[in-house]
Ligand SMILES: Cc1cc2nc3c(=O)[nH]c(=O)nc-3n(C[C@H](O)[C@H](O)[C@H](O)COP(=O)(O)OP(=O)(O)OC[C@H]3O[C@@H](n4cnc5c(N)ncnc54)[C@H](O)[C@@H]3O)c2cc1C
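Just one chain follows, in the form predicted alone, and it is written as structure tokens.
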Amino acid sequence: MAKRKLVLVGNGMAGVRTIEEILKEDKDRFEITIFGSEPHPNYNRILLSSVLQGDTTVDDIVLNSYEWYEENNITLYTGETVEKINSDKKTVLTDKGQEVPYDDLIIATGSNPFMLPLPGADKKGVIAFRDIEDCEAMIDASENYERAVVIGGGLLGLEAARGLLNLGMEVDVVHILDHLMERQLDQTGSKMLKEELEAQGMNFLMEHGTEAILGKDRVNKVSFKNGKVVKADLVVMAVGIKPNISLAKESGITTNRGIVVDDYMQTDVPDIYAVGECAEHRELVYGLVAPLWDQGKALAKKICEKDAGAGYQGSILSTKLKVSGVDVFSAGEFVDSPDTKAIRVQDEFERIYKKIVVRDNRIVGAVLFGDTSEGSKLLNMINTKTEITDMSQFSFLQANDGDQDSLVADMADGEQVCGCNGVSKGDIVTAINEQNLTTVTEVKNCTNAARSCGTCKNLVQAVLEHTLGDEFEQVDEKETVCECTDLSHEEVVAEIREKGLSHTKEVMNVLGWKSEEGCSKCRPAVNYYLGMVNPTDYEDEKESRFVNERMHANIQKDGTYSVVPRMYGGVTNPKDLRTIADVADKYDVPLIKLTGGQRIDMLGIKKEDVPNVWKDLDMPSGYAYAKSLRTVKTCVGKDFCRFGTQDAIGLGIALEKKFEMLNTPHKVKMAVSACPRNCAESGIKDVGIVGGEGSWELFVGGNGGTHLRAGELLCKVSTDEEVMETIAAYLQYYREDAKYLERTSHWLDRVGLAHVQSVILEDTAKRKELVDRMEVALTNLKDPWAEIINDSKKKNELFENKKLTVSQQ
């Protein structure tokens, strides 16, 4: 029987989670196509604040990689927006002119940030905080500006403010009401939160109505209705969201505040469904993830013609989160009303506040601040409408004594451990016993618990420990390469060396991989480790590379590509500049920009033009896409600068030519400054060299990203030759000892500078071995641009095969 054509409009959390549920119900029923307006695979929007605050990276919050779509035979179009639905012809039309047929259609267009219609709201520097692009805009602004104003004292506004503080900006938080997070906290909890955040450096302008955003082209001030004016280089609006219903409305589907659906998430148009923040169910629109997961399950059963029961019945809203390090929980009706009574416990010394709202001897709402350990129990009591007449009124409000095992033992099987994904204690215990799970990672992969915001991870571990009992003590919760194997990164490398393994499938077969083909996490890692261990004999598996590395160019949000030619040390000449200008004219390159590493970036190149751009440039790749040496930034050095003491340009060029194309666990950036004024920013690079009179200082482990880390002084040497040899030993030790995708800054934090110094400085024999192995690794490197230009088969596979183009983007 021919598969039905299923089209999903929206590549966000709710839509893709629904697809996951459909695949669980019947993985062979549909031929699936997904359209996403953003140039990314499905990622965890909840964790954007963690990216902004420097706790994680964009790569780390991806929920479903490009490879996941390929593995499930899903055609994905990123950077492409569906503009019209023709329900008579049963097709969708996109902004790129595609017309795609469907048998079943799911609309999951989510929400748009609400932007206050203020005078000056269209100025540069005024943004929302909703997606990766907004996050990157804030990070970029922090590098050039000092003062930010965040409008909105809700959860999103406070998370944006915390991130901007971490990035070094001064922040004013503007809120029109007299207390923060009014949708999650009562007056008392809000007051305690405000005091905590003020101690962290936030400044609050409460009961301030914004009047206008001032400045010429870019914002420089914000004025308020009370006459006050504050300086601002950046304004972030975090005042709420509104369902994105324009597509449905223009296509004749009934809408109200959201897209109107029934209990099975069906719209009033046959074979068209809606799920997530864009859907309105029983006159309610939900903005939290837990209800959206329940909607996805109901829709999946209905569309797969399985027993869907009563369908989706609505949700009691609950929120368990961490705001700038402070634990907060709220559920149900937490604001006092004439027909409710409240039980309160407040400890100002321990900064703990607990409030239970009761109506007719049943708990109808709760607020917890500082200690949220009873949140799951309270939510379960609210959902089950538990009578509390015969219970000690304060038994569930006592401060947690830290005994997680006791807490888990008292939990009923139906109590939720992971509110985001609707996973109960019973679900986890059953999975542990039936699937022989022994780690939190295995529980997460099997049940989805702790997959979204992650705040329940400790509770998941407590359930695991309680269920396994004494057996848990024998389990080492090590960091495995991925869920396909129980082996750590170090163990995989050791097995490759010991057994002489030579290709990825052999590694997976011999080492007992749980998945025959591996996954998008382990394939690139194993591919790197094989190449690192056997640099001369191993043939790199391009299909195991990440998308940008396979394409040897960086994909942009509109589906075009960015090409960065190599310019050693940031030095160029008239001939190369003319060539770049000619190529830009020939291929209508819309933007040419200098990068932070002193290179010229050509952005907006059509995919099919990329190989010809390389050919016409006739310059080597700048490796701007790779886990490799990106650039060596240099100052002008002693030949031109009156403060320069050394030849920074000469050393920078030598370093770049020496180590270009070298595969490393993560990207590596270097810089050479000719004097302690440090114009090349050597102090925040993976390897930074600073010149003095007759010597060079070598700094390592720096990071200039969101997780700012100053480089540490490795050593001081006298000659360029010593610089080259020391860096060769350092990079080779990093290549051999670091985990794949571990930056030098994280690696150095883990192993310690003293340990690295003992290996590459104090142990001369070890140092020589490292340098020798580095020389071997450097002998077999080829410029990928030149390879593809001269290989018509590779060029066709990567840049001319339209089906492949879709899945890779």
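One-based numbering along the sequence shown. As the structure is a computational prediction, the values presented were derived from the model and not from experiment.
Heads up, the form predicted together with this ligand isn't pictured, but that's what we're talking about next.
Place this ligand, as positioned in the predicted bound form, onto this chain through superposition of its site C-alphas, and say whether the site is open or blocked according to the 2.4 Å backbone and C-beta criterion (3 or more atoms for blocked). Open, since after superposition no atom of the placed ligand lies within 2.4 Å of the backbone or C-beta atoms.
Between the options A161, A449, A671, A108, which residue brings a heavy atom to within 4.5 Å of this ligand in the predicted bound form? Of the listed residues, the single hit is A108.
Can you pick out, from L116, L288, V100, L468, the residue that has a heavy atom within 4.5 Å of this ligand in the predicted bound form? Here the answer is residue option L288.
Contact with this ligand in the predicted bound form for L292, defined as at least one heavy atom pair within 4.5 Å: yes or no? Heavy-atom contact with this ligand at 4.5 Å: present for L292.
Can S65 be called a contact residue for this ligand in the predicted bound form at 4.5 Å between heavy atoms? Taking the distances in the predicted bound form, the answer for S65 is no, it never comes within 4.5 Å of this ligand.
Answer with yes or no whether E38 is in contact with this ligand in the predicted bound form, where contact means some heavy atom within 4.5 Å. E38: contacts this ligand in the predicted bound form.
Any chance G153 has a heavy atom within 4.5 Å of this ligand in the predicted bound form? Judged by the heavy-atom cut-off of 4.5 Å, G153 is well away from this ligand in the predicted bound form.
Segment assignment from 222-230, 605-613, 718-726, 280-288: heavy atom within 4.5 Å of this ligand in the predicted bound form: Only one stretch qualifies here: 280-288.
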